[in-house]
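Before any questions on binding or motion, here is one chain by itself as structure tokens, the form predicted alone.
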Amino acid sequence: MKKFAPFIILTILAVIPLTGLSTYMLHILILVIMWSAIGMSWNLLGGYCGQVSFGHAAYFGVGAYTAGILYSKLGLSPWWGVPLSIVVVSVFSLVLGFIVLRLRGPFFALATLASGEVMRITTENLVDLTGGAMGILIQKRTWVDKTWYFYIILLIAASTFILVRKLMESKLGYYFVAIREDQDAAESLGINTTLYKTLALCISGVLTGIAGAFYTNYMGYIDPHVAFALHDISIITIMIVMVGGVATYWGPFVGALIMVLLAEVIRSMPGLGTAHQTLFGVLLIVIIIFLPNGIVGDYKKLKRLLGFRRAST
């Protein structure tokens, strides 16, 4: 049953827009699936390879601006930004990786955090290219109906899931886990840790950049504070994976579902304002204390905490 679970879930999701779902609910599902793809991308680098990044907003923003600049400066469809972001973000990831992968642990995390802020400030100042603080507006939207956007992001997320799973079931995945568990021991066994960390960073960055390019097409507007947001992208991505389950295949989807729905419920309550950020922090603390491996990683423990036990035979 577990073997066919991805196909069953994909089929269910594919049928949902045909059930007459409201535009608002379809929008929520699009956000959940998009954040799932971003979470899976981060999980490859941070969860499986052990390189905890606080700078995935940089890859997201580069992908988003690749689509935006194609439209604003070259007059091309921003959808060309999705395939082109693979090239642009790959080059960006290799350059950034050459700098930050020389560091380990908290120093690596801080360096990646700074990369997102550097890109935000740079984008704000390249007014002629990026529009500066005014951002880029996509005036000619491809579709008004959200159904096509739903299927596109579903295809992106499904492809991301398959790629991550295939990678982790290959020899490359074993190298990633070896680096996460003990980098020095991996090096002593002849594993080129620099090469494989660079590959993990590049693949993770590209997958995040593709989601960023989709975001530009879907939302129709980006600016530096949106595309390179430290909290709303980098931190939320980490929280999604930690809540759902680090180094699990389904953790990012579960985490994205909880975080997006929680944010929408809180925003719909009058007078709470940005209280969702506070509740996100409380939720993360509770998860770390009681479910350190996330909901998916500790689902058996969660069943015991909720009082679900197998009936004695």
Partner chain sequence: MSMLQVKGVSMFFGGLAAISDVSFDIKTGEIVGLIGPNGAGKTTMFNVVNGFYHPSKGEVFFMDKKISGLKPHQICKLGIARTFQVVKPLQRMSVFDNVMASAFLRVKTRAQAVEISHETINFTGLHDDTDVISKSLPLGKRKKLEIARALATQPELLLLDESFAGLNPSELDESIEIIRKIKARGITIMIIEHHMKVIMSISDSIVVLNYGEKIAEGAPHEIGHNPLVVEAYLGEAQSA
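Positions refer to the first chain, counted from 1. From a predicted model like this one, the values you see are computed outputs, not experimental measurements.
Not pictured, yet referred to below: the form predicted in complex with the partner chain.
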* Here the chain is shown alone; which of 226, 113, 86, 191 has a heavy atom within 4.5 Å of the partner chain in the predicted bound form? -> 191
* Which listed residue (141, 102, 73, 171) meets the criterion of a heavy atom within 4.5 Å of the partner chain in the predicted bound form? -> 171
* the partner chain isn't shown here, but in the predicted bound form, which of 145-153, 235-243, 91-99, 179-187 has heavy atoms within 4.5 Å of it? -> 179-187
* To do: Using a 4.5 Å heavy atom cut-off, state whether residue 175 contacts the partner chain in the predicted bound form.
  => yes
